[in-house]
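Presented below, as structure tokens, is a lone chain in the form predicted alone.
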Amino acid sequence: MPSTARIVALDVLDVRFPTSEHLDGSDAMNPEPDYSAAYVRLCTDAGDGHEGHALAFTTGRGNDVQANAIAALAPYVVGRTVTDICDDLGGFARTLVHDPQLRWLGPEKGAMHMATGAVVNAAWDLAAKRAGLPVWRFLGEMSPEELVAQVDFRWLSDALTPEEAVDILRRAEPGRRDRIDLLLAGGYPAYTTSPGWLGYTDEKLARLAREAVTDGFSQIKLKVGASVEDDVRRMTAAREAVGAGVRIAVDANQRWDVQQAIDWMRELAPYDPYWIEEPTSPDDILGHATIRRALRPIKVATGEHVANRVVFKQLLQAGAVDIVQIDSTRVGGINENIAILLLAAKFGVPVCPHAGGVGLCEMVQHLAMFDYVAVSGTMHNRVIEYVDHLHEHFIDPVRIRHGRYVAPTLPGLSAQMHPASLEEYAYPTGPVWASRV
């Protein structure tokens, strides 16, 4: 590819799926979500056919706001050379994150930060395609020094220095090749939320829970938080369906105040919940710490709505979580997620990524697999969330075999959608929406 090749367009599409019609994705805080993607495409004049694809995930209304935030970054990307971006992805990410005017809209949180993450992830997709590797392996074959160069250590050095990060990565270097081979042969453990949406009947919950166990999953998750009586009944049904040997996690999606979370979970404790996810505000670090102390041995998990690496740092410093849950589209892209994975490794806390949504399973699998290959070096007590819908819209969809993610082998981030899906579900003009709005 000529060194003069440039980014010639940053396209943004508002793509929405009417999942609210069947209550797929329903929970106590999001009772009728329409899973949506503010979808990014980086186009070049390289002539090699490679484009960068990624998305920011939303639940319907506001997807246009997210798409406009992404579009606001086009002047900082279009016209730059492909090599300038792909050969210095850390510098590229910092350029977007630290724009002295756009950062005012966060700083480093909210729609603008998610927009940055979407564009940064699209750049990683492009770089990995040029290298002919899936992103997890593209990352996993970088040197410790190259990986540390991707991280913005501003506001982290009281908890993690660049030197400590290099040491963590060097300790994981032995066995990298063996772990790559193990991933390719056996995949990565998954758990499924598909049985547990709040809008499902008890009968559907129990049937799907039994099917999940038959399919090889050793953990399922239920949404909770609307009614304690309903939650006790649903937990009873789920536990009877799967038996004592299967983990059941529960997820309140931020529904409770601190004491309410403690009281509610004590009602569910007899059914042996493995973790309580998002029991309260994602910003309430001390609240999570209080809940964790009160509910042991039930684990506390959070992260899908944590805005940036600094809040993750404080959750870990405060001993507020047992499980770190990264999300591929919430923070400032792969670079910031590398920082979070390194923080979790420093504090010895397992990472179990949030997925579901649209495209989240496809993208976050790469981060978990990279963590196994090059950061933590283990899958012990680690699982990636899985939800069984909307994968058919992706060119390289996730594959689950015996309750495990099959490692992707196609180059890129697995985020590229079929052109027909982009056209059909475009909002509000696509055929699926034209008859609804």
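Residue positions are given as counts along the sequence shown, with the first one as 1. Only a predicted model underlies this, so the values are computations on that prediction, with no experimental measurement involved.
This protein has a second form, the form predicted in complex with another copy of the chain, left out of what is shown; the following refers to that one.
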Q: Only one of Tyr386, Phe57, Phe394, Phe370 comes within 4.5 Å of another copy of the chain in the model of the complex by heavy atoms, so just point that one out.
A: Phe57
Q | Interface residue in the model of the complex among Ala407, Leu42, Ala69, Ala46, criterion: non-hydrogen atom within 4.5 angstroms of another copy of the chain | A | Ala69
Q: Flag Phe347 as yes or no: does it have a non-hydrogen atom within 4.5 angstroms of any non-hydrogen atom of another copy of the chain in the model of the complex?
A: no
Q) Quick one: is Trp256 in contact with another copy of the chain in the model of the complex, heavy atoms, 4.5 Å cut-off? A) yes
(Q) Test of understanding: in the model of the complex, would Ser194 fall inside 4.5 Å of another copy of the chain by heavy atoms? (A) no
Q: May I ask you to check whether Val311 falls inside a 4.5 Å heavy atom distance of another copy of the chain in the model of the complex?
A: yes
Q | Interface stretch in the model of the complex with another copy of the chain - options 95 to 103, 196 to 204, 294 to 302, 233 to 241, non-hydrogen atom within 4.5 Å | A | 95 to 103
Q) Along 19 to 33, which positions have a non-hydrogen atom within 4.5 Å of another copy of the chain in the model of the complex? A) Met29, Asn30, Pro31, Glu32, Pro33
